[in-house]
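Read the single chain below, which is given as structure tokens and is the form predicted alone.
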Amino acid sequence: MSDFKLIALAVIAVLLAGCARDTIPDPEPTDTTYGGDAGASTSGMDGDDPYGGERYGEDDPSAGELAMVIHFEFDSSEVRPQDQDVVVRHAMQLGENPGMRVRLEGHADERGSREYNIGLGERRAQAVRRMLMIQGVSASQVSTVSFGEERPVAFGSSEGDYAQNRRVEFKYPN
């Protein structure tokens, strides 16, 4: 009888050891087009953009005043009517330059869990991506990444600060 208990205990131990753990890994922002080291550099940061990258139109005077950020309402991934023209202008730039690529970076304010805000930032970036593609931009020209609440531009706790952090940024690689 003790051999049976020992065998049963060993089988249970093996089964428990083989069970997958239900841990959720910390999501890392991944770039779906440019690979894992997209724009990574150890050369330091310039004073204007703490996250690196070049703003569109800095070296191209023909680009004009093209807004690089659109904002969203609280807990929404719907592009606001006043920002739709900005998306259309980006679509025109991309349509005229088929070799140009853009990365859409989705952001959220600090309200909500980290996981929820990563998902909300992704939904926002995907909404802008869909609008660009409806305007004729190739899917290969657009990638998305979500930073959720991890990269705020305003660090306060007022509604104005939250509104600044609910955004999608257009990033054109160097």
Partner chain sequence: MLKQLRILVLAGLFGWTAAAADLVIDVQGVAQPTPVAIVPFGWEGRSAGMPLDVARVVTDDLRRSGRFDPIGEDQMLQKPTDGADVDFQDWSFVGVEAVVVGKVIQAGDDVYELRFQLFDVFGQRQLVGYRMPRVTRATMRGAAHRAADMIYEKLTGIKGVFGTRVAYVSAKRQGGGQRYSLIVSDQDGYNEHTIMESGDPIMSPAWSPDSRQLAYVSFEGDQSSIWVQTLRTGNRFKVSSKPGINGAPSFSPDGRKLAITLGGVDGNPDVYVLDINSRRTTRLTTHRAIDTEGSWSPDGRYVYFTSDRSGGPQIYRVAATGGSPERVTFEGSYNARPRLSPDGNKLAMVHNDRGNYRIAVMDLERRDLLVLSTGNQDESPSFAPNSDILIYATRRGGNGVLESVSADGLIRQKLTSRAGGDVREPVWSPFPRF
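Fair warning: this is a prediction, and the values are worked out from it, not measured in the lab. Numbering follows the first chain given and starts at 1.
What comes next is about the form predicted together with the partner chain, which does not appear here.
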| query | finding |
| --- | --- |
| The partner chain contact in the predicted bound form: Q126, any heavy atom under 4.5 Å | yes |
| Partner proximity in the predicted bound form: R103 to the partner chain, non-hydrogen atom cutoff 4.5 Å | yes |
| Touches the partner chain in the predicted bound form: S138 (any heavy atom, 4.5 Å) | no |
| Partner contact for L132 in the predicted bound form: the partner chain, 4.5 angstroms, heavy atom | no |
